[in-house]
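Quick setup: one chain, the form predicted alone, written in structure tokens, and binding and motion questions come after.
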Amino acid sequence: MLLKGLILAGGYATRLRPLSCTKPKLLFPLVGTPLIERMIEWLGRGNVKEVILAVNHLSDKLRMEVGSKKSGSGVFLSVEETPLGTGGPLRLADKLLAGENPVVVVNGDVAADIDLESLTRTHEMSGADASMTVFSVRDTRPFGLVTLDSDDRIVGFEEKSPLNRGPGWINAGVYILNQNVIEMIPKGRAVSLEREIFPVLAKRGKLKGWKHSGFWYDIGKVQDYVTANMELLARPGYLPGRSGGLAPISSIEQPIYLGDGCLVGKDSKIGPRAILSAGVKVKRGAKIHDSIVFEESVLGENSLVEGSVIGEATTIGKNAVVGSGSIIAGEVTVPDGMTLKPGSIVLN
């Protein structure tokens, strides 16, 4: 069964600032590859052949990126003038999503290996109007807690409770919705699926839970984004391999990732846990570990970057030091010889 899918990415990604000031969330590199590319590949494996991106913030940049990739075939943009929540974008794009088959809906800040084929089959057999992927976490406070009955039907929700209730099942942000669910969504305003639509379906006994046991990350905050990258970097079989260029006498300590066109100079030290996206240049004597560097950035001679995130097209000057926990926005220049204290935030 061929499906249509919608990726919800219409917010301003405020929790990812300053990195999101110049780059939309879907273009953030996940172990060196833009999140949108990984999501389209994953959706394709689940028989989703048309993907609608519900976007707002920096939509022009996303349009250019998607249009330049072969993976962009079968990908369409639905642009919101103002953010419409998790439900409004479905109503806005209802003509693009129309058809006999259910629709796959995915939050734009999710990285997971959910088996969409199995999810779809289970949904079809369940008789439910909607199915929600749920994931078990040790602390449910940052998420929406889901209550399941003995048949895995969802019978209750608790959104982001401040109380630590220990381990539990949470909403993983991946759904299968029948067409009648889209028709339930009011037109012309922001709508929350979680607060306005799913509780109604739960009361009717028409909302199914589907338990996922693989990996799952919510990368909507910088620290969670870093955690996802570092854990996936070390995950066996996840990486496509390295294609960057290393000088013969450079020192590396695994795990590392070098994207297409990376150049690493002599006497440099890379790793452990260094992720360099496409086109990054590490000049002679530079050292980097426990860090993520977005595409086309430059680390100057004898510079040091530790435990930090560097945005796209940023230059770290000669002999500069970037202290642990720092976040530097895209298109920034850190002058030669400057030392950034640990935890520094540098805006564009």
Ligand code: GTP
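Just so it is clear, the model here is predicted, and its values are computed rather than measured. Note that residue numbering begins at 1 and tracks the sequence as displayed.
FYI, the form predicted in complex with the named molecule isn't displayed, but the following is about it.
- Taking a 4.5 Å heavy atom cutoff to the named molecule in the predicted bound form, the contact residue among 84, 197, 93, 262 is 84.
- With the partner removed from view, the residue among 319, 315, 33, 56 that has a non-hydrogen atom within 4.5 Å of the named molecule in the predicted bound form turns out to be 56.
- If you check the named molecule in the predicted bound form, you find no heavy atom from any of 230, 324 and 326 within 4.5 Å.
- Heavy atoms within 4.5 Å of the named molecule in the predicted bound form are found in exactly one of 75-83, 111-119, 177-185, 124-132, that being 75-83.
- The named molecule is not drawn, but in the predicted bound form it has a heavy atom within 4.5 Å of residue 25.
- Not displayed here, the named molecule is kept clear of residue 339 by more than 4.5 Å at the level of heavy atoms in the predicted bound form.
- Although the partner is absent from this view, residue 14 contacts the named molecule in the predicted bound form, with a non-hydrogen atom inside 4.5 angstroms.
- Although the partner is absent here, residue 140 is not a contact residue: none of its heavy atoms lies within 4.5 angstroms of the named molecule in the predicted bound form.
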